[in-house]
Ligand code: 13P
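Below sits a lone chain in structure tokens, taken as the form predicted alone.
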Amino acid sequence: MALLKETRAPEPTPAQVEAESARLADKGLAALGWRDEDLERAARLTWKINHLKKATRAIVPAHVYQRAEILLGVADFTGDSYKLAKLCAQSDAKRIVFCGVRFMAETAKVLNPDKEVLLPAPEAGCSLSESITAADVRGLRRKHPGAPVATYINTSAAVKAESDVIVTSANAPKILRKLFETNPKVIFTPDAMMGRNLAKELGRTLGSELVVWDGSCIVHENFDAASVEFYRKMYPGVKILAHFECSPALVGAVDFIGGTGDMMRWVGEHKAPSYMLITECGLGDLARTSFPEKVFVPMCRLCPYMKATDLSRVLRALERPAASQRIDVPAAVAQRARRPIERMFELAEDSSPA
């Protein structure tokens, strides 16, 4: 399918820039410390992007780790990998401009083969996704014949195609429990720390019952469990939440463990003097704007891949998309990758006991 032809956005009028600046401020950018001149610069871009979305029937899904001006200024929906995958599959848009990283855009393409999928920052990869290949999965299958492969969604389409079911940090415990109902051994790829946390939660023995690949996320592997006690003393009553990809030592020291969507729901449902979200910094920005009445203690790491996308690159993808921004997944790979993703939807939403 050829790229859609170049479409230029008109320049906004001064009144339109002023109105858009006010909208961005009200959405939460002012609360995050944005100055008037910063808001005005962003407003010129967000106005054009939102204009072009309508003109070209495009949608902009954005992962919660994206920059605040993308989440609050141009995203049609935000969320974790599971939510974005579901909503992209339900969309009737002609074009998906995915503000995230490559494996997410590939998942959107697998679920939407007839839509044009663009990744504004083509170099936005993922250390975890790049830690495993399709050949590695085939090697695990040979070494552990008969064991089903549960693969974390943070992987390439080629790796998904070699898997039996995809999981996210939110639904992995439920799905693995269902797999263990009929299998004495399960292979989990590629996040080693998440695999260790799952083994502990499920009461399974690493190696003999749960085989885990040795991959890691450059953001979550660097959090220090020893610092948790320090922050508890500094902020009495603080509730500390950590992502499933953090180390088992850190997970054992916090109040809640889960995916990004789980963490946001937990904050919304609980009252505490303050909260700490141990994950990528983008979630903290989203939390502060979603819950302005609550206090958040910063302890986060920036993901260089997630932060590679900015408003100017989103605008370019809409106005004059480059070949490098276009996401293509070979038909044979996409067909095989789609089934384990759909299997995830089936198992995650199965209401029978797990």
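Start at 1 and count along the sequence shown; that's the residue number. Source: prediction; values computed, not measured.
One more form of this protein should be noted, the form predicted in complex with the ligand, which is absent from this view; the next part is about it.
In the predicted bound form, the ligand lies within 4.5 Å of some heavy atom of F103. The shortest heavy atom separation between M306 and the ligand in the predicted bound form is within 4.5 Å.
Shown alone here, D80 lies within 4.5 Å of the ligand in the predicted bound form, counting heavy atoms only. Although the partner is absent here, S163 sits far enough away that none of its heavy atoms falls within 4.5 Å of the ligand in the predicted bound form.
Heavy atoms within 4.5 Å of the ligand in the predicted bound form belong, among the stretches 59-67, 310-318, 291-299, 27-35, to residues of 59-67.
Along 228-263, a non-hydrogen atom within 4.5 Å of the ligand in the predicted bound form is carried by H243, E245, G259, T260, in order along the sequence.
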